[in-house]
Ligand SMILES: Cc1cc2nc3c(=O)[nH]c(=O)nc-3n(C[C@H](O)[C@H](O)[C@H](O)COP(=O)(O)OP(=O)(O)OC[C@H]3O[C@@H](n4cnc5c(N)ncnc54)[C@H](O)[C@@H]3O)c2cc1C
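Encoded as structure tokens, the following chain is the form predicted alone, with no partner shown.
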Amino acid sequence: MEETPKVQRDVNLARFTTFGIGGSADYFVVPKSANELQQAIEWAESEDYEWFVLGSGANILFGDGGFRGVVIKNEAKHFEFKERLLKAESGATIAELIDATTKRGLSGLEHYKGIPSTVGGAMWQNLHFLSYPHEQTRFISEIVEGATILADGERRHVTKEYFRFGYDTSVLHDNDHIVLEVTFTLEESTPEDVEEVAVENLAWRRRVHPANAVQMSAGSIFRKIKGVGAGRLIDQCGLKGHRIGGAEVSDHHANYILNVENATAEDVRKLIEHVQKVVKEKTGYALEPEISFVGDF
């Protein structure tokens, strides 16, 4: 892939993240198909540039110094159905897939209504939610049939087992393989039943999570501590509303940090470290961030 007008220079990254924070990328590319995504990566590697594939911009904090290399904004969004199988490129958003499957009365994705994620991001973190009636956590891995990935410059078709899914994790945390396309196996239902679950899940999220979380936050900051809850620990330590610079611990859900007034990445990092320090001193628990820190801080 030769450098063309499609390769932009010095693009500010803040507007491509739900946090609204981050410096500029040296180069910025927006592939619209799985083939273009592969070409963008191949071009970056041929130029010996560092590269990073960006999806919906949630669960991520870009550094104030930006990214010295190529940020690839994945907008490969094609998807198609074959009976109960859904094949979707990795830049397709979970939101648009929920709309499409609901209309067809196919169940499986409605559990994630209201969560900002692309297919690639969902695979990376094994997207999950305590779905309606809120008695069972549903993981995206439950409906994955297989995928096409880019590994060491070659396309490979892999089964679900390749991903070694866990809670908030997958094998993608340990390598630089990129998901190009995923096949999901869905269950037959009715549009009405699928819609009911989606609506209930969205309503529950709105009750539990901060109203401005999608626009001003990266999502849950710390990993779940089984049987305890990171947000509960932070709340017990009296840290709701604690603020450093323009970053603030949500007074609605303590496991969210909000960008309330032009926060910098440094503000967020300092607030995360302060929360970790206080929680460790007062409770003995070590909080581990679940968001990704990318670029120069």
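Residue positions are given as counts along the sequence shown, with the first one as 1. These figures come from a predicted structure and were not determined experimentally.
Form predicted in complex with the ligand: not shown, discussed below.
Not displayed here, the ligand is approached by Ala218 to within 4.5 Å at the level of heavy atoms in the predicted complex.
Within 4.5 Å of any heavy atom of the ligand in the predicted complex lies no heavy atom of Ser250. For Gly105, no non-hydrogen atom is located within 4.5 Å of the ligand in the predicted complex, even though that partner is not displayed.
The ligand is not drawn, but in the predicted complex it has a heavy atom within 4.5 Å of Ser90. In terms of contact with the ligand in the predicted complex, the residue from Leu271, Ala230, Ile60, Val70 that brings a heavy atom within 4.5 Å is Ile60. Taking Ile143, Ile225, Ala95, Leu172 one by one, only a single residue has any non-hydrogen atom within 4.5 Å of the ligand in the predicted complex, and it is Leu172.
Stretch-level contact check against the ligand in the predicted complex with heavy atoms at 4.5 Å: of 153-161, 194-202, 80-88, 173-181, the positive one is 173-181. In the predicted complex, the ligand lies within 4.5 angstroms of at least one heavy atom of each of the following residues of 102-118: Ile115, Pro116, Ser117, Thr118, in sequence order.
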